[in-house]
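The chain below stands alone and is given as structure tokens, in the form predicted on its own.
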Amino acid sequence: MAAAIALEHDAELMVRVREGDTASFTQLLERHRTSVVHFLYRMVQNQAVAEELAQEVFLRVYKSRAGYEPSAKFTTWLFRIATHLALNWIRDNKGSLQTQSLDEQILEGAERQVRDRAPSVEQKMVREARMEEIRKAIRLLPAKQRAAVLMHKYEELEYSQIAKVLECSESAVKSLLFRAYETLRARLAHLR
């Protein structure tokens, strides 16, 4: 219920942006920037590029304000823009996806405070190694499958929303997700 109210509120804010209210745009930016950056990072595997693409996403949202019609959920429209930018970046930079090394992730984890009940260093290293394998398996998926998985699992979008973002049918989304999850199950079977 609260999520539906928030979604309706997003459309209201965007209508206000269309009418010239910049404070409403700031609210939308603050509300969605983090999830857009996280989504883009998972797509392109480079924090600086994700930040840059997120800026471009919101710039396009602002530039498109005059033509905005609240016919679909605001987040669907937002993630369609983000997905197109990410897929274009991946296409244009094929082979140059940069990933954060496991060593860097372990160092980041070491900077956090450790509580008495925290997992041991070994447990953290095993968990991080497993997480890196999962991230790598997702990165190796074809771009559209990767986008569908990220929107489905991390952004918790519905099939209908993903279909609108990827501009395909719901059955095509289900097929993309089925193939992606089958591939991931095969690649990650050793983690069970």
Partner chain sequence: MICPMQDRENAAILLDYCDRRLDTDLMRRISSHVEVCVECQNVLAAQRQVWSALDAWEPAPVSTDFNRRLYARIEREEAAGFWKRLFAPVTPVLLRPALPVAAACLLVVGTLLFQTPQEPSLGKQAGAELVDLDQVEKALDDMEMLRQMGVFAGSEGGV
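Owing to the predicted nature of the structure, the values given are computational and were not obtained by experimental measurement. Positions refer to the first chain, counted from 1.
If you look for the form predicted together with its partner chain, you will not find it shown, but the lines that follow are about it.
Engineer: Indicate whether M125 is a 4.5 Å heavy atom neighbour of its partner chain in the model of the complex.
Structural biologist: Contact with its partner chain, no.
Engineer: Would W77 count as touching its partner chain in the model of the complex under a 4.5 Å heavy atom rule?
Structural biologist: Because a heavy atom of W77 falls inside 4.5 Å of its partner chain in the model of the complex, the answer is yes.
Engineer: My question is simply whether K144 lines the interface with its partner chain in the model of the complex - judged by any non-hydrogen atom within 4.5 Å.
Structural biologist: Taking the distances in the model of the complex, the answer for K144 is no, it never comes within 4.5 Å of its partner chain.
Engineer: Given that its partner chain is not shown alongside this chain, does K174 nevertheless sit within 4.5 Å of it in the model of the complex, heavy atom to heavy atom?
Structural biologist: Contact with its partner chain, yes.
Engineer: Can we say E51, L184 and L191 each have a non-hydrogen atom within 4.5 Å of its partner chain in the model of the complex?
Structural biologist: Checked in the model of the complex: all three residues contact its partner chain.
Engineer: Any residue of 37 to 66 with a heavy atom within 4.5 Å of its partner chain in the model of the complex counts; write them all down in order.
Structural biologist: If the 4.5 Å heavy-atom criterion is applied to its partner chain in the model of the complex, 37 to 66 yields V37, H38, Y41, R42, Q45, Q47, E51, E52, A54, Q55, E56, F58, L59, R60, Y62, K63, S64, R65.
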